[in-house]
Structure formats: C-alpha cells, structure tokens
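In structure tokens, the next block holds one chain alone, the form predicted alone.
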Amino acid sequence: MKRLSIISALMFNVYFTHTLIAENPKLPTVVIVATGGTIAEKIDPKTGAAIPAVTGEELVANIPELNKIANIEVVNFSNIDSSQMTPEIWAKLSKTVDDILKKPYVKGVVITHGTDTMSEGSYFLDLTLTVNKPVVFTGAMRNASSPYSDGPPNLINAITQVCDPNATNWGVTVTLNQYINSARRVSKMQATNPQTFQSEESGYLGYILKGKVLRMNDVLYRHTLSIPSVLPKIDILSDYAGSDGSLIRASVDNGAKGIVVIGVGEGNVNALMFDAIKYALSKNVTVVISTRVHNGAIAGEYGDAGGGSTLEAAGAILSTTLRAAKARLLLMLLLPTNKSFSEIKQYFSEP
C-alpha cells in the first residue's frame, strides 16, 4: 500500500512529501524523515563529486530488510548537504518531527542527515522536541554510489534501535557504525572514517549487535526549550595566539545578541580578547566561554587577564562541558525566554 502527497514548500530546497511504504499490523511504525547528506548522495559522472540524488523512498527501497523490522513511512523533508543546514531549518525540522511523534501509532522517528552538522542538529532537536519517543539521527560517511556505503546498515540499526524496548528515555541520539551516542555529548571526530562519531569521556549510550540494543549508559542531563519566533544572532569567535579581539567588537557592533568564545585550555583568552569581551559585556551582549580542547571541563581556575576565573568575575558564562557549536544553540534558545542571568548560567553549569 502506498500513498504520496506533497504538502508544502518550506525554504532552501526544503520540501515535504509523505509516503507509506507498507503496513503490517504485527509490526511497529517508524517514520524516516529524510533531510539529505552523504547517505542520499551519489557521484556526479560529469564532475566526480558527490551531489544530492536519492529520496527517502529510494533509500528504503534498496533495503528490503527494513520491512521485516517495522512499518516504514517516509517524509522527504529536504535533500541538502548538512553544511547548508541552519538553526532555522532545524526549527522547522523539530516542529515536523514533533507533529509526527504525536501520532499514537508512531513508535519513533529516524532522521537521515549529513554528518558535518549532525551533532548540532541532533542537539537542537533534543532541546526542542516535546514528545518523549525515540528519535535517532543517522547517516553515512560513504555516499550511495560506493560499493561499501555505510548508509544501509546504519539505517537498519537506527530502525532497530527505535523498535527496541531497551533503548528508551535517551532523548535524541546519534547512531552510526553500531554505536549509540547522546546528542548532547556526541562529536564528529574523524573526517573520512565511518567510525566518526564519539562520545569521548562520557561514553557511548549503547551498541547495536545482531539486531539488539546493548544498553551501556543513561542520559543524566536534558533540557526542553521552546522555539522562539525569531532566533537571535549568536556568533562563534575563536581565541588564538596573537588574536586581538577585533572580531568580537565587530560582532557586537553588527548586532550580535550573544557571542560564544572558543578559548584555550580551561577556557582562557589573551588580554586583548579579554578587553574585547568586556566591551561586549558592557553592551549587554551575553558571552559564553568554551574551549578548543575536546575533553575536560571549564572550571575557571586562572586569574590573570583573560583567565577563566577573571572572565567569570567580569560576567562571562563558563560553558562547563558544552563545546562552542552546541553552546551557541543553547544560548540561541535561552535568550528569548527572558530568563535571568543566573538561570541562564545554570544551564551551562551542568557537566
């Protein structure tokens, strides 16, 4: 049984179609929301480069095993490389997925997405979804033209995870190469290898083996925030040896409502950057301090000009474990709520 209806155009090659692949009353129903990425790309014979080419229906049609696991519905939300994703697109995606999850017969959702910004997109949805059903982001590091594409097994595992009763109350996860990662903790750590996503110090949530989920960890910290009608401008700027703070001043003068600074070590910056951060704070721009170091927490230990302790005393917020890209999304959702400074600071203080 198959039905197809085009609902509406959204933006930037974002579109929406809905297809029911098959119905078996003995199986749960999982909705695949296709957004694009390498999993949906093939090699252009003219250029030799990978380009968007595969719909959600075509992904499913090439994996007949899926129909043995669940009833599959496909929503073609978009077909874009994830380097082109924006918070505004993720906001539309979040609302679309929430509407799907509200349907009683839906067990959960699998989102196929490019890996470049998957860790941020999954975290945005983890912050904004209101329905507590399994949502799994998956994708591929090798495009659909490759004879060794990792897309099909990743999609099989993602559907398996949604249907497994041992894989609940994790919020949104990122699941590739059999490993299950928390959206809050996951990072892309390898540019070309299929084993690209890691949870580092916090550890994986689970592992998928022979059609079963082996549960390893629980999710301890989650927040749910509303999506504002307009997302504020939040910039990310980096400290480095010899940085002078001019980009921070330019960001403030260009209308940024918040700035996430990528510091060094435990979240330290040099003296010129410190002066620029104080300028931003004097203009009521919220400043969050992250670090370029992958592991460890920002504790505000150092007291020289630009040290973490001095930054915190000046009014900057130390992002304890969230790195810059995710700290930006969290601040973007927090600022429109009119929460107090101490309330906003608390969101960033959790490990």
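Quick note: we count residues from 1 along the sequence shown, nothing fancier. Predicted model, so just to flag it, every value in this text is computed and none were measured.
Just so you know, the form predicted in complex with a small molecule exists too; it's not on screen, but the next bit is about it.
Not displayed here, the small molecule is kept clear of residue 290 by more than 4.5 Å at the level of heavy atoms in the predicted complex.
Of the heavy atoms in residue 128, none are within 4.5 Å of the small molecule in the predicted complex. Contact annotation for residue 183: none of its heavy atoms lies within 4.5 Å of the small molecule in the predicted complex. Proximity of residue 114 to the small molecule in the predicted complex falls within the 4.5 Å heavy atom cutoff. When you look in the predicted complex, the only residue of 81, 120, 164, 266 with a non-hydrogen atom within 4.5 Å of the small molecule is 81. With the partner omitted here, the residue from 280, 135, 234, 141 that has a non-hydrogen atom within 4.5 angstroms of the small molecule in the predicted complex is 141.
Residues placing heavy atoms within 4.5 Å of the small molecule in the predicted complex fall in a single listed stretch, namely 82-90, out of 82-90, 267-275, 98-106, 223-231.
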